[in-house]
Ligand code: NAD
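As structure tokens, one chain now follows by itself in the form predicted alone.
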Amino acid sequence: MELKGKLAVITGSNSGIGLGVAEALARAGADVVLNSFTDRAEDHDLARKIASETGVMARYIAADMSKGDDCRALIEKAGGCDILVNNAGIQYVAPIQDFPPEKWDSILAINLTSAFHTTAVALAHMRKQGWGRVVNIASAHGLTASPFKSAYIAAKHGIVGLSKTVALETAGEGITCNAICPGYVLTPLVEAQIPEQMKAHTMDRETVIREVMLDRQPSRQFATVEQIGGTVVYLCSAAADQVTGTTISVDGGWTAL
């Protein structure tokens, strides 16, 4: 298992893409730290389940990614990390003139600024080790735009730019930084939207997925959390030693249009 002995911290990882990434890294041999802002028994159970199924060390650390001090403390409590996956994110949809300023602030804090804080602390450990991987989960909306998602799109474009800067600052040090840009991924949150869309458009499940939700995704198929996890594992492997400062789209052709 090529990542054995590496420690990975994955923010926003008690469900969806983050959990899928944590599971993929654990299967590749990395010890993992899961994270979200809650501190429930079931959060810690997720870590214990990963440990029992894969044989790696896994634990859960609660931290609020909207708070810079919490972001930095997460990495410190983990004891540093070899692999940092900045995945935490939220969304809100509204026209700019109606967009609540507090929603703008929270989206920018969680989706973008948290990655600045975690990366700033993690790099010190990576430099001591002479090896590190920073993988930022951006979005197809980090490369293109849609109406009514101003804060999300600004944050995801920012994550792409931050990834490039970190890559340049660490080039030649055995550390890489890249951004993954998924299109629509079938997560529990997306799954929950399907019945609402079926009702709103008076369509059956398959039609609403194909014609409404995946209208901009030419493959007309969701990406999966396993595919995102596999892409992260690739970026952490020796095969990607010279892949840095770039984006990898997992979007069914969305950004090729």
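Numbering starts at 1 and runs along the sequence shown. Quick caveat: nothing in here was measured; it's all calculated off a predicted structure.
From this point on, the text means the form predicted together with the named molecule, which you will not see here.
Annotation: in the model of the complex, residues Gly16, Gly89 and Val190 each come within 4.5 Å of the named molecule through at least one heavy atom. In the model of the complex, the named molecule stays beyond 4.5 Å of every heavy atom belonging to Ala78.
For the chain shown alone, Met65 is a contact residue for the named molecule in the model of the complex, at least one non-hydrogen atom being within 4.5 angstroms. For the chain shown alone, Leu162 is not a contact residue for the named molecule in the model of the complex, no non-hydrogen atom being within 4.5 angstroms. At the 4.5 Å threshold, heavy atoms of Tyr184 reach the named molecule in the model of the complex. Screening Ala138, Ile83, Ala115, Cys177 for any heavy atom within 4.5 Å of the named molecule in the model of the complex leaves a single hit, Ala138. In terms of contact with the named molecule in the model of the complex, the residue from Ala151, Ile110, Met126, Val134 that brings a heavy atom within 4.5 Å is Ile110. From the list 94-102, 169-177, 116-124, 138-146, the contact stretch for the named molecule in the model of the complex under a 4.5 Å heavy atom rule is 138-146. Looking at 27-63, the residues that come within 4.5 Å of the named molecule in the model of the complex, counting any heavy atom, are Asn35, Ser36, Phe37, Ala63.
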